[in-house]
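Next up, structure tokens for two forms of one chain, structure 1 and then structure 2.
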Structure 1
Amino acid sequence: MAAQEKRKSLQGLWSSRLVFILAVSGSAVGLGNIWKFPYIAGDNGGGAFVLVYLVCVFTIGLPIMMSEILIGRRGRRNPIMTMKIVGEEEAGQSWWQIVGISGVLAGFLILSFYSVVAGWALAYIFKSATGTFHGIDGPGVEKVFGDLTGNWQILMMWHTLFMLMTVGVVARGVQRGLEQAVRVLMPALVGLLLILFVYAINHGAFVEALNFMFRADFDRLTADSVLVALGHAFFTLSLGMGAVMAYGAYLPEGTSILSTSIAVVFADTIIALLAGMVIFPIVFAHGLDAGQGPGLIFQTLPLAFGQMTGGVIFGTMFFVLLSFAAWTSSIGLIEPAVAWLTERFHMQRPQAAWLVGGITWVLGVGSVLSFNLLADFKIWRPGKDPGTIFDSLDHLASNLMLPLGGLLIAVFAGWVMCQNATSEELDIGDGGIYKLWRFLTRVVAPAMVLLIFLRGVGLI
């Protein structure tokens, strides 16, 4: 009997293929999807950039996602133990668990500062609902944001609330916690997006937004634009941080890894595009700056909501949407570490969840203080100017640990695992589709992820 047939998941299994797609899509769809992809698409040639991005997604994101899932299902354990077990089976080497350790640690670090930003979104739900932004002007919006980030006690409260929300879901297990959460949150997220999309069509500068996002301007597509597309294609799918591998361990046998991965890629891309078609019609209708990055969410959009009819309602809906996106991502970030504790030390899941959540919360205190009491405290970052604790954690995880993790996952699946093992797990035969996946995983994806890493540390 094959190794993966004898090995059972210790955490339970997803009840269906749809739930797995919802879970991985929820992990992939986060704060960055809502503001970053629409903006970088519009700023780098619109439709021309989207075309390059889609090529990158299917040549980097899809093969690495398939690799993470197949490794996760093969090992049926947390990412650390899975890489150790499969490494020993395929190459007689247990040191591959380092890849799992790196992924779990990266997710842990990301959540510590991600929770702080997600706390902003929670705070803005209540600010919008109580009419804080109604009739507000530019300086007023800046003051609201400055008062929030400058007050460490208030920021700590929202950081704490978001971590409690995250731990509360993960502590309940795969089917009672993770599955029930994504069953509710993902449809709600899409529903909110569609309502806001209809509003944007009827009350925003929709045609101008479509031109900004989709008109193919190849003159604005530079070599740096291609690197931006490469980087976002990798990061948007939550690759290299253990979440996809952990979720893959709960995937039932017989579920197609290829079709589910394609579904996740499409869901992630469509939600990002929909977000752009919600945000930019509103921004352009009010003559605001579309190029503010994260400030677009917490400064530009509140200004627009404050000026438009129904702004209190639709502004509140938008920040609920943003909070849902952050919540589903945070669940994926914390799950690998919780699974490791329960399997390695035989801890009860609630205890493991609260322990990981507590340590993450403590680490997040540094990010909270980065915006106020420790704003002048700077840390050296390779390839960049010194940054705050928040900036440095982001740089370490996003630009160093995740690309290296993704690179090693591709190398492991493409070069270390034998052809029989990967073909059996993918269950797509050994014909053209399998050969294409193998080529992309062995050659194309590693080369492109290496470029992402080199760009992240400032070498190109």
Structure 2
Amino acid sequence: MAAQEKRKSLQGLWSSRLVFILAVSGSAVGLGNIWKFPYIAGDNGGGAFVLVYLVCVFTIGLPIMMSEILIGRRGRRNPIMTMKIVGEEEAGQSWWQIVGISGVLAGFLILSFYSVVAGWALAYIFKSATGTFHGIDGPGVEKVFGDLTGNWQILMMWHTLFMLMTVGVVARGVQRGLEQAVRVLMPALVGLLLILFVYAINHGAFVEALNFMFRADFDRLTADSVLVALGHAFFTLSLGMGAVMAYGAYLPEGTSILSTSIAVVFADTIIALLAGMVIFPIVFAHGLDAGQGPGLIFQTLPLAFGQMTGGVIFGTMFFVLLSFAAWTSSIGLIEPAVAWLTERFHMQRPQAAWLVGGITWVLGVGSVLSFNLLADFKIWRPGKDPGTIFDSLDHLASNLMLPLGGLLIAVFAGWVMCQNATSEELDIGDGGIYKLWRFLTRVVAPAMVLLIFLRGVGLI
């Protein structure tokens, strides 16, 4: 315990609890909520998928988020060193650092394709602002999207710009600038989603959309879609890869981990559901296909912007905010690797950020080419049809690495760490809520992840 009291964060601390909530929500709320959730819900048949996703978020995601924060604050280092230090302290085992290593790798993989999609959002800012969507129809939006993704040089340019933006912020240190941005931008994003929501209620096929999203038809649920729902619960909450653990390392003592985690999980879930309730009414009102894949929001929202008064302004603002949401998330993806390089090898923060950004940029080229030159190059995936480089990176990182990372984190917090340590960090006494957290972390989360995982990859 004495060692624990002496250990200080090497990168400074968040200035308040609110800032920490904003930073974790900034990492959680991103393309996952607005781009990915609607399209995978559409691909996997809607209602039953949404239900499984919600169950995963609250019974697995919430306790694991608490675990990541408490481990991070206990170790006060980057995820690799934190897992090593706390593993040694609690059980004399240093091999737990493998969880941090896999997390850092997952961060590289995810950011490499995330940056490409964030590049689409950047491109759409200019398209909206220059009136491209004015009065556009279904085939029109498909063509705009197809022309963008079909051109690898243009995609490359946007991907490069987004990586430069990410590295630029991380190089300066996360606290300055980013905190301010998140404080203003997150409420603005929600405000704009609400405006679109009102539009969708008035002009979209709202009832049909609600039926699609909330009527659970379990016949459409396959083992693979349950795995996708689980993977998405981790992805959307930024769990299973040490991002939240890295942020937890900068959390002042005495800040409540329980209430912070609940706030983040609710905010994230509400934004995803809101995005779905904006997008599906437009999909059904225009006879579009809900299962059209990654292009879904880029081919539905412009239809709404093209028809509404003030659409140019709303459309531009929307894609600006979407890009910001992606930006605050991409910083969470790169932070574990950057913190590791600075703490372990005493690299300067800017150098570490450029190195990580450079490697990720190169990896991202594979995803850029997946939509054009290499569209027919398909890779084998466990439990799934072969997919493009883009699809395969997403599947490997989100559906396999994050759940496995999360499983190990739950086992670590629930079984390896002693009860005194976890109850002291959580600081909620040893009553019902602590017992519930411990039960979910020791039994429910590991068992569910393991079952879904093995079934999803076809091993049981």
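All residue numbers here refer to structure 1's sequence, counted from 1. Values in this document were obtained by computation on a predicted structure and should not be read as measured data. By rigid core we mean the largest C-alpha set that fits within 1.5 Å across both forms.
One chain, two forms displayed separately, with the form predicted together with 4-fluoro-L-phenylalanine (PFF) being the second of them, structure 2. Fitting the two forms on the rigid core leaves the C-alpha of residue 50 displaced by at least 2 angstroms between the two structures.
After superposing the rigid core, the Cα of residue 191 is displaced by 2 Å or more between the two structures. Annotation: Cα of residue 217 displaced by at least 2 Å between the two structures, core superposition. Core superposition places the Cα of residue 230 4.9 Å apart between the two structures. Superposing the rigid core and comparing between the two structures gives a CA shift of 2.3 Å at residue 450.
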